[in-house]
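As a starting point, one isolated chain is supplied in structure tokens, in the form predicted alone.
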């Protein structure tokens, strides 16, 4: 019987998912820092458990010696989006990296080609190159891209399928199919107000950035010993904050910037 050093074999898969997690979160951060809508809401990664790997290998009659050369979803990345439109934006982002830091092997659009169960998602199988202590390795990885509603449905469906070992009762299948349609209808309806939601989120983010800048400027007055001015601006900000518009906060911050220039204050973290 073939003996597999599972820890050694699975380590490169973990390294690959860790690196991809950082890369996709960096993309999300770039959008946020530039005060733009990020198509990426959440990034999750996983490496299949040994039990899951063996179950899948048994179902597909894959011998132990060929598991790591055959299964392409041992490493997985799941990207959750707010809107269906964002899914295809993420797909374009990944295609833009094809041939650079990853290679796309296959794409499966289960949104326009929904599975009979009602499952919707966009799958991209890639090869990702890592450098380990023992050398360069190409790791296959499956990227799943879906909305939050699709993810909620898929998580429930997966749990029920596991419970019934693939033999789910007919009435449950029918209910899940109906739920899948209701879920997609919600995604579609949310898409009709996508622009308004994104605009609202931009306003919230702009206000948060302004508040951060204001508090940093007030704190800088403390660092240079201008306690009287610091207390004055702090009281004024507390009175202003609850009902202030973006324009009023901009004006207030401009006053602080003028004072900072007068005192030649450097921005201190």
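Residue numbers count along the first chain shown, from 1. Every value quoted in this text rests on a predicted model; they were computed, and no experiment measured them.
Although not depicted, the form predicted in complex with a small molecule is the subject of the following passage.
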Taking the small molecule in the model of the complex as the reference, which of 105, 194, 123, 89 has a non-hydrogen atom within 4.5 Å?
123
Quick check on this chain: which one of 207, 226, 48, 28 has a heavy atom within 4.5 Å of the small molecule in the model of the complex?
48
Are all three of 7, 9 and 127 close to the small molecule in the model of the complex, meaning a heavy atom of each within 4.5 Å?
no
So, in the model of the complex, is residue 235 in contact with the small molecule at a 4.5 angstroms heavy atom limit?
no
If we define contact as a non-hydrogen atom of the residue within 4.5 angstroms of the partner, is residue 187 a contact of the small molecule in the model of the complex?
no
4.5 angstroms heavy atom contact with the small molecule in the model of the complex for residue 202
no
Taking heavy atoms only, is residue 144 within 4.5 angstroms of the small molecule in the model of the complex?
yes
Just one of 158-166, 89-97, 132-140, 194-202 has heavy atoms within 4.5 Å of the small molecule in the model of the complex; which?
158-166
